[in-house]
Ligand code: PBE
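Only one chain is given next, in structure tokens, and it is the form predicted on its own.
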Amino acid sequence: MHTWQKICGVAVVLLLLLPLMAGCNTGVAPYDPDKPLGRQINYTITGIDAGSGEMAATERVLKQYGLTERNWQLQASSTAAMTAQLGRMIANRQPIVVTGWQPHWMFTKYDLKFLKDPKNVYGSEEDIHTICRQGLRADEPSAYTVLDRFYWTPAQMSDVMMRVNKGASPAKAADKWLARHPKQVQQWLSGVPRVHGRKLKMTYVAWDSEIASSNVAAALLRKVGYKVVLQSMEMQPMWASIATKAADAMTCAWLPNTSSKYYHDYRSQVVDLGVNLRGAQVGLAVPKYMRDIDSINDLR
């Protein structure tokens, strides 16, 4: 091949790669504490699924803190897209504000902080409840007992989430966690009559925290002999599936704030088995290297 042909070939390849290379660059400079934050991130908060309670609460935050009138906006995406963007920005010490919740592996993997919420729009710490369909206690007393007993800590949930984040399948991460905690498994399953291949359907919203809890609960039920089907849904259909008895249970009700609308809409059609985790939190989060951004008021 002649030299000029090689040069032309290289030029063509570079032209083809330019859009891809541009797509890899976020176009955001490293965080500068001497410049207004809004201008640095185009007045954008990176969010998750549009139908989630956390996104609805964040829209209220924008209004009550006067951020909407200052051109701040909430960008819907997904949990996976949000955490991927968070990781990219942190790698380059770039500014970012995300909708965050705890427990979540991102608080273990990255140095993050919640922004103070002096107006208490997000509310105080939350509990996560287990919800089942009406009639489950009579139809499947073994499943009802296991789900009613299921309770763990934010640290334990984070352990399962980190295993999934590192590449393990949710089912295998749940099985390994249970294998490492035989005493807790014994407490959950003690005296529960075994069944033989009876079917159960659990629904969940595809947040990393709920993927962890749903798979651990499903693994416990399988130890008793149930054939458990797990189905991911958006928040409203998840609640509706329990209310209409299309599904049997879920472990994903963040109360009293994040799931408040759906709890209010469906509470007379479902059974609340109570708390399966205490100390959950929802709010806006930023990397700790954004040292002068400590409160939602600082976004102004």
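For clarity, every value in this text was computed on a predicted model and none was experimentally measured. Heads up: residue numbers just count along the shown sequence, starting at 1.
Although it is not shown, the form predicted together with the named molecule is what the next lines describe.
Is the named molecule in the model of the complex near all of 31, 90 and 287, within 4.5 Å of a heavy atom of each? No, none of 31, 90 and 287 comes within 4.5 Å of the named molecule in the model of the complex.
With a 4.5 Å heavy atom cut-off, would you call residue 248 a contact of the named molecule in the model of the complex? No, residue 248 is distant from the partner.
Considering non-hydrogen atoms and a 4.5 Å limit, does the named molecule approach residue 47 in the model of the complex? Taking the distances in the model of the complex, the answer for residue 47 is no, it never comes within 4.5 Å of the named molecule.
Quick one: is residue 140 in contact with the named molecule in the model of the complex, heavy atoms, 4.5 Å cut-off? Residue 140: no contact with the named molecule in the model of the complex.
Taking heavy atoms and a 4.5 Å cut-off, does residue 210 contact the named molecule in the model of the complex? Within the cut-off, so yes.
Looking at 101, 144, 188, 204, which has any heavy atom no more than 4.5 Å from the named molecule in the model of the complex? The residue in contact is 101.
Using a 4.5 Å heavy atom cut-off, which residue among 270, 235, 273, 67 comes into contact with the named molecule in the model of the complex? The residue in contact is 235.
If contact means any heavy atom within 4.5 Å, which of 59-67, 240-248, 34-42, 254-262 contacts the named molecule in the model of the complex? This holds for exactly one stretch, 254-262.
If you look in the model of the complex, which residues in 36-67 sit within 4.5 Å of the named molecule (heavy atoms)? 48, 52, 53, 54 sit within 4.5 Å of the partner.
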